[in-house]
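Have a look below at one chain only, the form predicted alone, in C-alpha cells format.
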Amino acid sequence: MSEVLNAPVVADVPLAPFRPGPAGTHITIRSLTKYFAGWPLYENFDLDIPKGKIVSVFGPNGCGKSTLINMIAGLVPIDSGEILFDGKSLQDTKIGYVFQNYREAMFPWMRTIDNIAYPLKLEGQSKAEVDRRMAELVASFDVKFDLNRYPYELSGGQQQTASIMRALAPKPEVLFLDEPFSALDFEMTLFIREKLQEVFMQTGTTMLLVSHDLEEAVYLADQVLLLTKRPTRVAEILPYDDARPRTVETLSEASFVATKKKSLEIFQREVRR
C-alpha cells in the first residue's frame, strides 16, 4: 500500500521519439523508469542489448540486477518507458527464463519430462513434435538421469538442468538467467556452464545472465554490463571476445585476467561512491 501512496507523480508530457539502437541490437530499452516505495531504482534508463550475444549483468547489491531482467522479461511491471525486441513487443517475442530457485521453478505434481515439455504443449505442438524436441534436448544435455521421476526426486543440479532444458525447449529468441548457478555445487556449476556455452554456440540465442560471481560473469560473457548503485545507471559495458568454447585455460589468459581486473575496478569504484 505504501508503495502506491508514495508512487512518483509523472508529468503528462509528450514522449520523446523512440530512438532505435545501433545495427545488431536485439533489445532496445528507452527511458525505463521504476520506483520502489517512492524511491527511484531506474530513472530514464537507456540500454541496447546486442543480438546473438551473452550479456552478463553485474553490479553492487541492491542496484536491481534481477529487477532489470525481470522488467525486460515482463515479470515486473515498469512505471514508464519502452522495451522492444527487434522492434517487436514482448507479446510477439518468444523468451525463456531460468530462475535462481530451481526448487520453486518446477511443477512438483508433474514428472520432470512433462515439466520440460510444458511450454511446447502450451504452444499446441503435436506429440510427434514434442517428442522430437525432447529427444534433441536430451541428446544436447547428455542427460543420464531419469526424466520420468518427479523434480523433488532429483538432485539440485539435475533440477536446474531440467529448468534450463525447459527454458530452451521452445527455441526462445532471448534466454534470461537469474543467478542460475547460485544454489549449485561447484561440479554442477562447471557442467551447466559448459552446456550453456554449447547451446549458445549451436543456436546463437541472445542471453542475459545475472551473476553475483565476477569470474563466472566474465567467463560466459561477450559483454559485461556493469551497473552503478541506485538510482541505477550503466557504469560501463566491457567487451570480452575470447574464442569459444572457453575452458579452464581461459581463466589464465591475459585477456580474461585483464577484463576481470577492469570489471573489479569499476565495481569497487561504484561501491565506494
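Fair warning: this is a prediction, and the values are worked out from it, not measured in the lab. Note that residue numbering begins at 1 and tracks the sequence as displayed.
The same protein has a further form, the form predicted together with a small molecule, not shown here; the description that follows concerns it.
S.K.: Can we say 152, 157 and 188 each have a non-hydrogen atom within 4.5 Å of the small molecule in the predicted complex?
M.R.: No, none of 152, 157 and 188 comes within 4.5 Å of the small molecule in the predicted complex.
S.K.: Just one stretch in 33-41, 201-209, 215-223, 234-242 has heavy atoms within 4.5 Å of the small molecule in the predicted complex, so which one is it?
M.R.: Contact-bearing stretch, as computed: 33-41.
S.K.: Using heavy atoms and a 4.5 Å limit, would one call residue 62 a contact residue for the small molecule in the predicted complex?
M.R.: Within the cut-off, so yes.
S.K.: Does at least one non-hydrogen atom of residue 230 fall within 4.5 angstroms of the small molecule in the predicted complex?
M.R.: Contact with the small molecule, yes.
S.K.: Is residue 173 part of the interface with the small molecule in the predicted complex - any heavy atom within 4.5 Å?
M.R.: Judged by the heavy-atom cut-off of 4.5 Å, residue 173 is well away from the small molecule in the predicted complex.
S.K.: Is residue 179 part of the interface with the small molecule in the predicted complex - any heavy atom within 4.5 Å?
M.R.: Flag for residue 179 set to yes.
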